[in-house]
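So this first bit is one chain, no partners, the form predicted on its own, shown in structure tokens.
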């Protein structure tokens, strides 16, 4: 197959490009800025594309069988434009004759009032309502995100462990595997639109994860219990970020840490 990855230079996008190339597919990584040669995945084609303006889109989608969207933004105008970008991606894919579009988003994003989560939910809704054949992959938080929270806190000597909060972190490689699988045709219902949930292999309290991170990194920072106020704290304390019935990921947080710590 020819698979295009919109946002192929980001954290999740690069993992998808690596997985698709490893599976033997022809892969095009589409992004507004091209990475340096040493940061490219061997075997993938890199094209400069801007779905906001349409620049380079038609040529990039020519001959593409499936498109996987992993574009992301955290704040400001870029975040506000994400739902519009997804609509543009779907429209361009339909015009180009792409047979299937796959979106990566967050588990239960629609139940969290934070702007970032609401943008993710809006994108998913566009895919679910599309007349095209689509898959929406709902994932739990990445290992990288959880580790990033600990690393940021450790810089000031405190590793945060929010009271009553647990995570079910998943590796980008495990999520990428599902995204690439969803892009492929098959006799298991993939001809129709569908939703898939991908959770990490285990759910642990934030304190347990923090202690794992501290041990793996050798950090001298203190693991400290603290409150997380506001709507996001309520969302996490309610366990809405957890999907224990969908623990399909294979790489645990501890195993992921060992690889990155060189253990």
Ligand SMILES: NC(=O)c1ccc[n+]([C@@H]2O[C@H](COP(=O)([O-])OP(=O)(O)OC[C@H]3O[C@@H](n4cnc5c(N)ncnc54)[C@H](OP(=O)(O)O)[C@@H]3O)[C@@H](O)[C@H]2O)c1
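Computed from a predicted structure; not experimentally measured. Numbering follows the first chain given and starts at 1.
Another form exists, predicted together with this ligand; not displayed. Remarks below refer to it.
A.B. asks: Under a 4.5 angstroms heavy atom criterion, identify the one residue in 149, 106, 136, 112 near this ligand in the predicted complex.
C.D. replies: In short, 106.
A.B. asks: Scan 208, 50, 202, 65 and let me know which has any heavy atom within 4.5 Å of this ligand in the predicted complex.
C.D. replies: Result of the distance check: 50.
A.B. asks: Is there a heavy atom of residue 32 no more than 4.5 Å from a heavy atom of this ligand in the predicted complex?
C.D. replies: So residue 32 counts as contacting this ligand.
A.B. asks: Consider residue 243 of the chain shown here, and say whether it contacts this ligand in the predicted complex, taking contact as heavy atoms within 4.5 Å.
C.D. replies: Outside the cut-off, so no.
A.B. asks: So, in the predicted complex, is residue 141 in contact with this ligand at a 4.5 angstroms heavy atom limit?
C.D. replies: Because a heavy atom of residue 141 falls inside 4.5 Å of this ligand in the predicted complex, the answer is yes.
A.B. asks: Examine residue 91 and determine whether its closest non-hydrogen atom to this ligand in the predicted complex is within 4.5 angstroms.
C.D. replies: So residue 91 does not count as contacting this ligand.
A.B. asks: So which of 128-136, 91-99, 115-123, 154-162 is the stretch with heavy atoms within 4.5 Å of this ligand in the predicted complex?
C.D. replies: Partner-contacting stretch among the options: 115-123.
A.B. asks: Though the partner is not shown here, which residues of 3-31 have a heavy atom within 4.5 Å of this ligand in the predicted complex?
C.D. replies: Read in sequence order, the residues that approach this ligand (within 4.5 Å, in the predicted complex) are 7, 8, 9, 10, 11, 12, 13, 30, 31.
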